[in-house]
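In structure tokens, one chain follows: the form predicted on its own.
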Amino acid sequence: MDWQHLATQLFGAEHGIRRDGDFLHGEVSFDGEMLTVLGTTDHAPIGVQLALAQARVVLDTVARHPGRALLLLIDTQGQQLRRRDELLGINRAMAHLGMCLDLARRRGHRVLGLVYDQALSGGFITSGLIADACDAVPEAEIRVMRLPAMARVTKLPESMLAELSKDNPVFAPGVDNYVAMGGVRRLWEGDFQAALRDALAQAPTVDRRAEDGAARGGRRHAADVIQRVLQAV
């Protein structure tokens, strides 16, 4: 989905969201309240510059607008794979972005993620998967790792992983599988303004992804293991 079309559906033609390269940011009015919007477009690779630009918007919102909700518009192919960003410390820049979002949550800001196009790898992990809740449009493409890459990491045959992915969402890409696992809370269909209104009203204050995954059958044991670990500590 084109970000301009999405922004117009949510906030009207004069939405006020700006594009600087692949970086989206702006302040919008929704139901009489101001929201901070930030994100990426054109399947942006998240490099040092883009990670720090997003982190700056988050920190500015925390400092200047206590309690204001943040909406992350997600369209990324993952982290920037080039030597310059590796030398500059892309791992630390992305970790900084994730920590800024976590700080906003701890300071009482509702942080919502919306995958409106593509969400891959570390670019998704340090944005939508750190939000209070992450939603998606039905046509979104979500995966953390392709099966060939997963085969190389796990040392398991790709054919075995392909067979496992037919019945186990953990091994399979696709937005429906991330809903089943609890990583995506729900899909937005129909009235996007109503969907955003519900998302803001129902933003969880605790991480329920493991419980959602168990209830939906996508991650059957994670919630139980978490509770057993907490009881043992």
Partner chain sequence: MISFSECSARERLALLLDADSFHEWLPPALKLTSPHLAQLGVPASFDDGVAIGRATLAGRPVFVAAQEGQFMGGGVGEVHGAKLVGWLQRALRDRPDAVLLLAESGGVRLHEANAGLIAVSEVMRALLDVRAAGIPVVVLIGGTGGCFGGMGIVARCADHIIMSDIGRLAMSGPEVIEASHGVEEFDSRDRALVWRTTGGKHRWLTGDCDALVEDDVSAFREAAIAAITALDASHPVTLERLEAEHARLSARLDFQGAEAIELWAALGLPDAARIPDLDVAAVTALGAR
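Whichever C-alpha set is largest while still superposing within 1.5 Å between the two forms counts as the rigid core. Being a predicted model, the structure only gives us computed values, none of them experimental. Numbering follows the first chain given and starts at 1.
This next part talks about the form predicted together with the partner chain, which is not shown.
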item	value
H43, R56, R197, R186 - the one with a heavy atom within 4.5 Å of the partner chain in the predicted complex	R56
Partner proximity in the predicted complex: Q79 to the partner chain, non-hydrogen atom cutoff 4.5 Å	yes
Contact label in the predicted complex: N168 to the partner chain, heavy atom within 4.5 Å	yes
Partner proximity in the predicted complex: L112 to the partner chain, non-hydrogen atom cutoff 4.5 Å	no
Partner proximity in the predicted complex: V225 to the partner chain, non-hydrogen atom cutoff 4.5 Å	yes
The partner chain in the predicted complex: contacted by all of G89, L164 and V206, heavy atom 4.5 Å	yes
Candidate stretches 189-197, 33-41, 176-184, 65-73, one within 4.5 Å of the partner chain in the predicted complex by heavy atom	176-184
Residues within stretch 116-134 having a non-hydrogen atom within 4.5 Å of the partner chain in the predicted complex	S121, G122, F124, I125, T126, L129, I130, A131, D132
Did L161 shift 2 Å or more between this form and the one not shown, C-alpha, core superposed	yes
Displaced residue check between this form and the one not shown: T8, CA, 2 Å or over, core reference	no
